[in-house]
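Next up: a single chain in C-alpha cells, the form predicted on its own.
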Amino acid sequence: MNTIDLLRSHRSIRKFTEQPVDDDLAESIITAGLSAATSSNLQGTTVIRVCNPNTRAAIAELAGGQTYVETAGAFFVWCADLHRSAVACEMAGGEFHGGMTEHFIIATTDCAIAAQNAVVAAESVGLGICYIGGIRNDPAQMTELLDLPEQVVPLFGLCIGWPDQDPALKPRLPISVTLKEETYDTTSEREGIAAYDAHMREYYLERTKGKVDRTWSADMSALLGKESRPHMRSYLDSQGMNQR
C-alpha cells in the first residue's frame, strides 16, 4: 500500500489483541514522530509512555471510561512542552518569557504534527491507533499522575496496538467543502454539508444496525452549542501558560 492509500484508509481502533507492542518498535514509532517538522526547531513535544496498569486505569476513568486506554499494547501521552526550552534559555544566559500565545501555538502545533507522524509510522506496520482527547477532562489530575512541571500541558493520549476489529471507514466532508481555491468561497458550502449529512446518516445507521440516526450537522450542534472544558483556561494559567 502506498502512503496516500495508507493515509486514506485511517480508522480509529478501539479493540486490541493482547499482543504487546515491542519496546524497540514503540521507540522507532515515537522517533519517527519526533522527526516531523518543528517550528524554529523548538521541538516542543514530550511523549510519556505509560505502562503502569494503575495509572492507565486512572487515565481511562478520567477520560470518560475509555477502557482501550488500558487494553492497548502501548499508551502514550503527548505534551506541548515549553519547559525544556525555558531550561535552554537559562543555560544560554537568557530570560524565558512565559505565557506568550505564539509560543503556545508553536508547541501545540509541533505536538500534533509529531503525533500524526507517529500514527502513520504505526499504521504502516499494521498497528491500529486511537487518539484520546478525553485526558483534558481533568488536566490537573493528569499533571499530578505524570508529575508534569510548569510549561508542560498534556494535549491528548494515543493508544497503539494490534487491531482486534475491522471497522468501516468514517466518511469525511466532501473535498469541495474543505478545499478552497484562492479565497474562502462559501457558495456551495450548505449544499456540500447537506450531502455529507445524508452520507453520515447512512454510515451511522449501517454501523449501529439502525440504532443511531445522526448527522454531522447535529453532531456539530451538540459539540459547539455548549461550553467545552471551560476549566482549560485556568489550568493553562496554573501551568504558567497564561496567554498574552
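Computed from a predicted model, the values in this text were never measured in an experiment. Residues carry their position along the shown sequence, with the first being 1.
There is another form of the same protein, the form predicted in complex with a further copy of the same chain; it is not shown, and what comes next is about it.
- Put simply, of 198, 205, 57, 34 only one has a heavy atom within 4.5 Å of a further copy of the same chain in the predicted bound form, and it is 34.
- Taken together, the three residues 140, 210 and 212 all stay farther than 4.5 Å from a further copy of the same chain in the predicted bound form, as judged by their closest heavy atom.
- Taking non-hydrogen atoms only, residue 189 approaches a further copy of the same chain to within 4.5 angstroms in the predicted bound form.
- Although the partner is absent here, residue 227 is a contact residue: one of its heavy atoms lies within 4.5 angstroms of a further copy of the same chain in the predicted bound form.
- The closest heavy atom approach of residue 165 to a further copy of the same chain in the predicted bound form falls outside 4.5 Å.
- a further copy of the same chain is not shown here, but in the predicted bound form it comes within 4.5 Å of a heavy atom of residue 216.
- Contacts with a further copy of the same chain in the predicted bound form, taken as any heavy atom within 4.5 Å, map within 84 to 100 to 84, 85, 87, 88, 89, 90, 91, 92, 94, 95, 96, 97, 98, 100.
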